[in-house]
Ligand SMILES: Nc1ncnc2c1ncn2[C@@H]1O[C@H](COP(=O)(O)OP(=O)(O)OP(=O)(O)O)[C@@H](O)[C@H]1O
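One chain comes next, on its own, written out as structure tokens in the form predicted alone.
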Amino acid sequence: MGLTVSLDMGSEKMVMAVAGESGGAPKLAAIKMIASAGMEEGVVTDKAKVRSYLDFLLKEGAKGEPVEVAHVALSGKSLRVTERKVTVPVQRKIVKESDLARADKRCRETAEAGENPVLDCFPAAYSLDGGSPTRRPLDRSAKELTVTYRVYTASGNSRQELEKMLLDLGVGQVRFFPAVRAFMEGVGVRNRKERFALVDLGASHTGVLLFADSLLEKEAILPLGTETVDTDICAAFKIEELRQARKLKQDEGSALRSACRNEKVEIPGLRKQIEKRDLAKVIQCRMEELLEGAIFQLQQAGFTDPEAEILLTGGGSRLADTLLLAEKLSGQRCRYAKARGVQAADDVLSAPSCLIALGLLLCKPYEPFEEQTGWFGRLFR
């Protein structure tokens, strides 16, 4: 058996995780991250550049070992999300796992009749006999079960282009999943009953996910990301190159001005110094805007409990004091998301930039539910 690799391909970076066979939870063999170009909002804009990055990551991560399968996250404009309702009869008048599985199968069958390939379907709400929505239908009596799904389909040509690149580079099989599936697997949504939120601070967007009782209750993608901080720094301190502003932000920046000491810092590549608190003031203004947008989305869904938890992830959340600012604005507990279910060092599991790649290692292809027939099937159904 060969290796399994996973790919998180963002606008500014690519992350590849490599796992070998372990007989249980995936065992991380390597994780590689590089700055990248050629992808914008999930769409391939420069095939040559993307292929060269993939080639580099495969050579560095797999070290010549055969790669059996690659799991790739799709997001942004490479995805189309729709809502679909499916109603199925409850076979034994008490809702069981088999009823949920039949609803899943019917949802996929009807969705696959469309033009674009179906990547995944997530239940967002259940209702019994046309009544009010419920998050816990199992073992309740009903004649009919209605499930509201969020259906994710591939959009555009990026999926085919990425698949061809990876197959040409020697990967045995390529599977695609929406990024939200990687988040759900990474933080172990199935094992968490409490209501909690995940905020993904990406370069070009801010993702907001709300979970409750293993369900994806809300998903919102806000069109601003932390790359706007870099442009703000350029404008404020008359820096011409974004890479200089980005390095200044990463090396000396803070999301909270009050947490900074009064000292001067040097702009990379320029013989110019600025006050660290002035830098933090510029950064804080934009980070407040991004976080307040995410928090507003959560408050709209009634997520206001001060004991409820907000998990931060994404490369933008690595900025110093982002957790403190998020707690100050939300009044709720905030911490970095930590990947579960993968055998790896603790610092890797807690790294905000690695969550999607690690979660992808846990993703599995959909297996359709097979209805048992005959007297044997009826007896044990």
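As the structure is a prediction and not an experimental result, all values here were calculated from the model. Sequential numbering from 1, following the sequence displayed.
Note that the form predicted in complex with this ligand isn't included here; everything after this is about it.
Taken together, the three residues 135, 137 and 215 lack any non-hydrogen atom within 4.5 angstroms of this ligand in the model of the complex.
Interface residue remark: residue 32 is not counted as part of the site for this ligand in the model of the complex, having no heavy atom within 4.5 Å.
Remark: residue 250 counts among the residues lining this ligand in the model of the complex, judged by a heavy atom distance of 4.5 Å or less. Taking the partner from the other structure, this ligand in the model of the complex has a heavy atom within 4.5 Å of a heavy atom of residue 319. A residue is said to contact a partner when one of its heavy atoms sits within 4.5 Å of a partner heavy atom; residue 315 meets this definition for this ligand in the model of the complex.
Contact with this ligand in the model of the complex, judged as any non-hydrogen atom within 4.5 angstroms, is confined among 127-135, 204-212, 154-162, 233-241 to 204-212.
This chain is drawn without this ligand; in the model of the complex, the residue among 144, 309, 227, 292 with a heavy atom within 4.5 Å of it is 227.
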